[in-house]
Every structure is written in C-alpha cells, then in structure tokens.
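We give structure tokens for two forms of one protein chain below, kept apart as structure 1 and structure 2.
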Structure 1
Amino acid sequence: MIVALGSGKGGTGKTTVSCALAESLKDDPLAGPVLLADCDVEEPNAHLFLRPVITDRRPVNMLIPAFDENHCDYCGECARFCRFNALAVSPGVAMVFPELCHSCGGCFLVCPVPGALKKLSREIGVIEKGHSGSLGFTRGLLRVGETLATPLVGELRKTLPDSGTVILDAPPGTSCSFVETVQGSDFCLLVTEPTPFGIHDLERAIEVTELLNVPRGVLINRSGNEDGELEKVLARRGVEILMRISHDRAVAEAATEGRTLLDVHPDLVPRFQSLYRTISQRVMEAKP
C-alpha cells in the first residue's frame, strides 16, 4: 500500500508525521516491510530525523543536445522546433541552453544533418537508498540550480516496491511535483494545521486528490481550541478527520535538535498504528 502525505501549505508537520508513522509501523506485522520515500526532492528533510545509513546512490540523468560545429550547417531546424527555446541557431552561431531543455528529444528527430547534434547526459539529481534499522529509506535530491524536480520524483516513484507499506513524504504546494507524488497512490493523508493559511492551501490539496481520484483523509496537527473553522470546511467537503495531534511547543523545540515527535510523545505509537488500520480500511472500501 502506498500512502502519500501532503499538506498544501508547507511546515504543517508533513515530514514529522511521515517519520512518526513510518517509525510506528516498522515493526507492525500488519504493515509488512515499511519504506519511507522522501519525494520533497527540492528540500528533503526526513533523513535529518531518521538518520538512515545510505547504501546505494545513483545519479538521475536527462538527455540534452550539444552541437558538433564540424557537422552543423546552421540550418536552424532544431531551434525552430524547440518549444522551450533551449537552442539558438543563426549562421555561424549554435548554442544550447541546458537549463531550458526539457529533454523531449525533438531536436534530434528534426536535425537533417547526421552527427550535427550529439546526445549529452546531464545530471539533475540523485536517488539514494538505505535504511534506518528495520525501516527502509529512499529519497531524491535535486541538484542545486536545476529546475526539473518533477522528473526526479517520477524516477524515484519508479523504484518503489509493490509490496509492504510505502510512505511518501510529498513536497509542499499543489502543483507538478506534488501531483507526481500523489498520482497512483492508494491514499493521501493530508497533514494540516487549523490556521487560515493551512485551511486555504489544504482545500487546494483536497481538490488535487479529487482530480487524481486518490482517497483522502486529514490529520490535524497543532490541534487546539481553534479547530472549528477547519472542521466546518472538512465537513462541507466530506473529508474525514482521521487523527489529531495537540499543539505542543515541546515538539517544535525538539526539532531544533533533530529529535522526533515520537521522542517527545512515544505514547503516539499505538495511535499511529490505529491510523494505519483506518487508512487500510478506507483503501479497501475505495477499491471497486
């Protein structure tokens, strides 16, 4: 079962909850082998709390063109075709702007001169694999200065196992790389906080899960006396509240030392295990 954790707004506790859920399930026979995949490739953080041993690391490459000036006759077919304006060609001038290239391969297809365009490989990031005790761990890490987070998430998702439990720590926001993470998951657990920003961005995230047809539920983090507005919105949208974690400054303080939610509140383990059971049930119910 693949459970993606999203939020819309950043900083609501997505990574905190992902790690706590994964830690709570790692020795739970019902969950099988548990893997946490950090899909927030721009700013991955789960490793800071899980401190995994990394055993495998491989680069993720994209294909980009390069001109061979000995063969290119500056006809400009490639530049005219390129929808991303990654190529500039004029008599005597032929340039590639790799940061604009989306690796569609169109330039190679339209180039009429054999050998004028060479295929180069460009590293956009890496995928790491490892473990933290009995908990499996994997993450993508975007190279600084690269824009293509979504293809990296796509590559990371291709490496995930079919069995056991996979927990995806999704990026914040609701666009490309969030969609890439949530698409094809069995369930999306939305971690939110009862603030106007939290509620606003959560609604966007709910809309994405509806569009992708992924069943969803909400975990209210930093829950307190002000949950009313959020509860109203969730009731209106028909989204179930699956768990609440009380607001506690001690958890935020622990995060300054890399200590986790479970370090502060070990009593939450059974509640996370029961959350997992509820999610499994909802997934079963949603299956046709």
Structure 2
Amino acid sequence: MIVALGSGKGGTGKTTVSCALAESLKDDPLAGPVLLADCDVEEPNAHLFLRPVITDRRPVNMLIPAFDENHCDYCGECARFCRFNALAVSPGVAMVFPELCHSCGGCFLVCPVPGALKKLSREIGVIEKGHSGSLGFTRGLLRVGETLATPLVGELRKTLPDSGTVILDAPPGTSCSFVETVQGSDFCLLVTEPTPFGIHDLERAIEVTELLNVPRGVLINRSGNEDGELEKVLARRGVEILMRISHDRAVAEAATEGRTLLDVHPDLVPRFQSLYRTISQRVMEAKP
C-alpha cells in the first residue's frame, strides 16, 4: 500500500508525521516491510530525523537537444514547437536553454533536417537509497539551480517496491511535484493545522486529490480549542478527520534538536498503528 502524506502549505508538520508513521509501522506485521520516500526533492529533510545509512546513490538525467550547426538550416520549426521557450532560433543563430527544457522530445520530431539536433544528457539530481534500522529509506535530491522537480519525483516513484508499505512524504503545496507524488497512491493523508492559512490551503489540496481520484483523510496537527472552523470545512467537503495531535511545545523543541515526535510521545505508536488500519480499511472501501 502506498500512502502519500501531503499538506496544502509548508510548516504543518507533514514530515514530522511521515517519520512518526513510518517508525510506528516498521515492526508492525500488518504493514510488512516499510519504506519512507522523501519526495520533497527541492528540500528533503526526513533524513535529519531518521538518520539513515545511505547504501546506494545514482544520478538522474534528462535528455536535452543541442544544435549541430553543420546541419541546421535555422528554419526555426523546433523553437516554434517548444511551448517552454527552451529553444531560440534566428538567421544564423540557434540557442538552447537547458534549464527550461522539459525533455518532451518534440523538437526532435518536428525538425525537418536529419542530424540538425543532437541528444545530450544533463544531470538534474540524484536518488539515494538506504535504511534506518529496519525502516527502508529513499529520497530524491534536486541539483542546486535546477527548476524541474517533477521529473526527479517521477524517477523516484519508479524505484518504489511492489510490496509492503510505502510512505511518501510529498512536497508542500499543490504544485506539479505534489501531483506527481500523490497520483497513483492508494491514499493521501493530508496534514493540516487549525489556522486560516492552513484551512485555505488544505481546501486546495483536497480539490487536487479529488481530481486525481485518490481517497483522502485529514490529520489535524497542533489541535486544540481552535479546531471548530476547520471541522466545519471538512464536514462540508465530506472529508474524515482520522487523527489529531495536540499542540505541544516540547515537540517543536525536539524537532530543533533532530528528535522525532515519537521521542517525545512514544505513546503515539499504537495510535499511528490504529491510523494505518483505518487507512487500510478506507482503501478497501474505495475499491470498486
């Protein structure tokens, strides 16, 4: 089962919950082998809490075009086709902007001159694999200066195992990399907080999961006396609250020291295991 953890905004505690859920399940026979995949490739930070031993590291490359001036006649067909403006052609001049290229390959298809465009490989990041005790771990790490996180997330998802339980720590927000992480998952657990910004951005995340046809539920972090408005929104949208974690300054202090939620509240382990069983039931109910 693949469970993606998302949030409409950053700072809701999504990674904190992802790590706690994964650690709670690593010795749970119902979950089988557990792997946490940090899909926030622009700023992965689950490793700060899990401290994994990295055993494998491989680069991820994208194909980009390059002009061969001995063959190019500067017709400009490739530049007119490219919707991302990664190519620019004028009489006697042809340029490629690699950072804008999405590696769709369309320019090679429309180029009328054989050999005018060559295929080059450009590294955009790396995928690392390892383990934290009995917990499997993997993450994508986008190269500094790169803007295309989505292809790296896609490559990371291709490496996921076909058995056991996979916890996907999705990027914050509802951008393309969030969509790439969540689509195809069995369930999306949305971690939110009872604040105006938290509620607003949670609604956007709910809408995305609805469009992707991924079952969803909510975990309220820093829950307290201000949950009322959030509860009204979720009731109106028909989204179930699956768990609440009370506001606790000690958890925030622990995070600054690289300690996990379970280091502060080991009593949450059975609650996370119960959450997993509820998610499993919701997944079964959602199957046709």
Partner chain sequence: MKVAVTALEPSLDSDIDPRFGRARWIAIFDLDDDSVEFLDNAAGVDAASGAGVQTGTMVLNAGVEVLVTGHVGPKAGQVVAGGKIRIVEDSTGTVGEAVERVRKGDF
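For clarity, a rigid core is taken as the largest C-alpha set superposing within 1.5 Å between two forms. This structure is a prediction, so every number in the text was calculated from the model and none was measured. Start at 1 and count along the sequence of structure 1; that gives the residue numbers used here.
The form predicted together with the partner chain is represented by structure 1; structure 2 is the other form. Remark: with the core as the superposition reference, the CA shift of G184 between structures 1 and 2 stays below 2 Å. After superposing the rigid core, the Cα of S90 is displaced by 2 Å or more between structures 1 and 2. Superposition on the rigid core between structures 1 and 2 places the CA atom of V110 2 Å or more away from its counterpart.
Comparing between structures 1 and 2 on a rigid core frame, one finds that E77 has its C-alpha moved by 2.9 Å.
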